[in-house]
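A single chain comes next, written as structure tokens; it is the form predicted alone.
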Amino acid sequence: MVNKLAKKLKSDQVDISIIDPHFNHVYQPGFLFTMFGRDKTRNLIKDTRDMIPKWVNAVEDKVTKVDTENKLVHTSEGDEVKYDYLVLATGARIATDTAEWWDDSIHHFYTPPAADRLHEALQSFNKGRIVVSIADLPYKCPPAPIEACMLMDDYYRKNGKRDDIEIVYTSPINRAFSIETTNIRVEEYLKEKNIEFKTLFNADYVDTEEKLIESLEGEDIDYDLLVMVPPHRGHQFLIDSGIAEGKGWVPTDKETLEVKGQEGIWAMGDCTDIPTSKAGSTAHYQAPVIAANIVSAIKNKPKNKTYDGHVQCFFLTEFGKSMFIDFNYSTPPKPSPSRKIWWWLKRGFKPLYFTMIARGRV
């Protein structure tokens, strides 16, 4: 977002600030590889400041509140950053603290440490039932838990352990995957790989001593190893600022990406409540829309760029093969057959991401 704006505007025209508590820019799709030892978490993290123009003001601090009336961003160090135009790109918070039953025996792969710890658990697991479940909706990267199941199947087959390991996937909706056109193929793959899947299973409580998941529907599942998509939430300061309510998702116009009820504020990526996937490609296609409309506002021209809901995704089915899906608000995806070319494009995407995409060159 910063790079898209900086390409359209000059340092003598505007001041651009980016506020981040740590400036660790993480390539999150890589977690699916680190959990199987196919990559290192250190290779997934770059310093954001190395990817933005030097004239951009990089504020390493945590935002505590947005004063929308006076157009000020407050930080934990007591600073006040004035804005005329504000872009919220705060992402989704991994909120295991919202589930009182969550403890360290439950695994996930949505942070670098968690992916590393899961890798150790998968390596040492030799026999029993692995359950991949979902704690709450929505969550980042809808295909990820199903991809994890299919990669586990391949991982244990190649290690000669698959006959002794049962893999179960639970879905909170009435099918394995949310998008029906893709779900047809996904369920075929799950059946081919002997991965059991239970639909309409909304996890309500986990008894980690008895190793039992209880659902809202009254069904229980026991496990030996539990991998659970953790609860996701928006950030608390958005609620405290009167921008968001409930779980903290920002009410956002799905086409203009302007925050509803606010002036001069846009939202992008995982923090919004728009009806599409919380995924990296979503933010990628939103960035030029917001950048163009901010430039138009600065130059007193009409804001006429809109986001059509465009999302793309590589959907891994095994080590060496992947599907590819591409869709928007009006056109559902037609998933490609699982092929080697999509796998290699997925594997080669990380360097392209850091050198081209994050830098706003494409």
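None of the values given here were measured: they were computed from a predicted structure. Numbering starts at 1 and runs along the sequence shown.
Below, we refer to the form predicted together with a small molecule, which is not included among the displayed structures.
Peer 1: Can you work out whether Asp61 and the small molecule are in contact in the model of the complex, taking contact to mean some heavy atom pair no more than 4.5 Å apart?
Peer 2: Yes, Asp61 lies within 4.5 Å of the small molecule in the model of the complex.
Peer 1: Would you check, heavy atoms only and a 4.5 Å threshold, whether Phe237 touches the small molecule in the model of the complex?
Peer 2: Yes, Phe237 is a contact residue.
Peer 1: Within 4.5 Å, heavy atoms only: does Tyr110 come near the small molecule in the model of the complex?
Peer 2: Heavy-atom contact with the small molecule at 4.5 Å: present for Tyr110.
Peer 1: Does the 4.5 Å heavy atom contact test between Lys140 and the small molecule in the model of the complex come out positive?
Peer 2: Within the cut-off, so yes.
Peer 1: Based on heavy atom distances of 4.5 Å or less, which listed stretch (212-220, 140-148, 195-203, 257-265) is in contact with the small molecule in the model of the complex?
Peer 2: Comparing against the small molecule in the model of the complex, the contact stretch is 140-148.
Peer 1: All three of Asn3, Val56 and Pro288 touching the small molecule in the model of the complex at 4.5 Å, heavy atom to heavy atom?
Peer 2: Looking in the model of the complex, the three residues Asn3, Val56 and Pro288 all stay beyond 4.5 Å of the small molecule (heavy atoms).
Peer 1: Please pick, from Gly269, Pro172, Pro231, Gly248, the one residue with any non-hydrogen atom lying within 4.5 angstroms of the small molecule in the model of the complex.
Peer 2: Only one listed residue qualifies here, and that residue is Gly269.
Peer 1: Would you mind picking the one in Ser178, Ser281, Ser105, Gln123 that has a heavy atom within 4.5 Å of the small molecule in the model of the complex?
Peer 2: Partner contact (heavy atom, 4.5 Å) among the options: Ser281.
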